[in-house]
Structures are given as structure tokens and as C-alpha cells.
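Shown next as C-alpha cells: one chain only, the form predicted alone.
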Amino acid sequence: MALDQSFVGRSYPPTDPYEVGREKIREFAEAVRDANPAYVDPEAAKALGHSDVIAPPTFVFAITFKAAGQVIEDPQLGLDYSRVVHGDQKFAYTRPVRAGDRLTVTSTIEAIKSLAGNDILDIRGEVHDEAGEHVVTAWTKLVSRAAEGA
């Protein structure tokens, strides 16, 4: 079943704040095997002009994809998540994510397209700190595969 095109432009409420911790940043940097000292050493980060350790660029995916869950779980949209694969991801930063940040995400459906029986859903996640300042925009592309035989 095709996704409801009237959802394009729909925004969902901001998430509760997510507090970015040094340990979460360290764990993520280790998981992606990025040895940049600014991710684990506060002094190295300060030498680069940051107030604390910073997160690798893809760190925010964990919170933006969770926020996109509001879209994915919206029963009126009609998305069958069992048929979804992750199609693409990109980020545009105003500044790096830092330890101590309290971030919220507002998700908006930017586009819904059909291609060869597949539905393609583009979700934009706007990430702001607790002062309301923009930190990063994340775009997530999800592909809902057509049912076999469709």
C-alpha cells in the first residue's frame, strides 16, 4: 500500500532532551574505530577550541533515528516497517555535538515517492541544544520494499 502523500511537510513534536555524555561519545568512537583524540580527551578537544570532547559526525544518528520513530510508528502514515531498509543518511552541522549538550530533535517528512513499487520516505531531523540553537540537520532516507509479487 502506498504511503499517504498528504504527510509531506508534517512535523512531529520535539523529543525529550538527550544528554550527551563523554562515555557515550567514547563508546561510539571506539565502535566506529575513530581514534581522534578530540573524542576522548578533554584537553585535546580544548586545544581545538571546544569546551569538552566532541562526538564523531555520525554520533547523532542514534538520536535522530530514534526521533524518526515518531514518523515510523505513526499508524496513519501506513508504513510497514517490516519491509523497510535504510537507504541513505546525511548531516549538515552548524557546530559539533559536545559532551554535556542536551539535544532535542524535531522530525519532518520532507518527501514521499514511489519507485518501482517501493515507497521512499525522506525524514529531516532538526537537532537543537537546550538554548534553542541549531546544532545539526540529519536527513534519513527509508525505502519500504514492495511486497513480493507486487
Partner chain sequence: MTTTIQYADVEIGTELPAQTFPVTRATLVQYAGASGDFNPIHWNEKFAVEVGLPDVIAHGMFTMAEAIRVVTDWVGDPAAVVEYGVRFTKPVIVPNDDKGAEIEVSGKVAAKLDDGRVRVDLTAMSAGQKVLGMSRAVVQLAQ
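All values reported here derive from a predicted model rather than from experimental measurement. Positions refer to the first chain, counted from 1.
Although not depicted, the form predicted in complex with the partner chain is the subject of the following passage.
S.K.: Are any of the heavy atoms in T108 no more than 4.5 Å from a heavy atom of the partner chain in the predicted complex?
M.R.: No, T108 sits far enough from the partner chain in the predicted complex that none of its heavy atoms falls within 4.5 Å.
S.K.: If you check in the predicted complex, is R10 within 4.5 Å of the partner chain, heavy atoms only?
M.R.: R10: no contact with the partner chain in the predicted complex.
S.K.: Can K113 be called a contact residue for the partner chain in the predicted complex at 4.5 Å between heavy atoms?
M.R.: Taking the distances in the predicted complex, the answer for K113 is no, it never comes within 4.5 Å of the partner chain.
S.K.: Tell me, yes or no, whether G87 is in contact with the partner chain in the predicted complex, where a contact means a heavy atom of each within 4.5 Å.
M.R.: Taking the distances in the predicted complex, the answer for G87 is yes, it comes within 4.5 Å of the partner chain.
S.K.: Need the contact residues for 6-22: heavy atom within 4.5 Å of the partner chain in the predicted complex, sequence order, or none if there are none.
M.R.: Contacts from 6-22: none.
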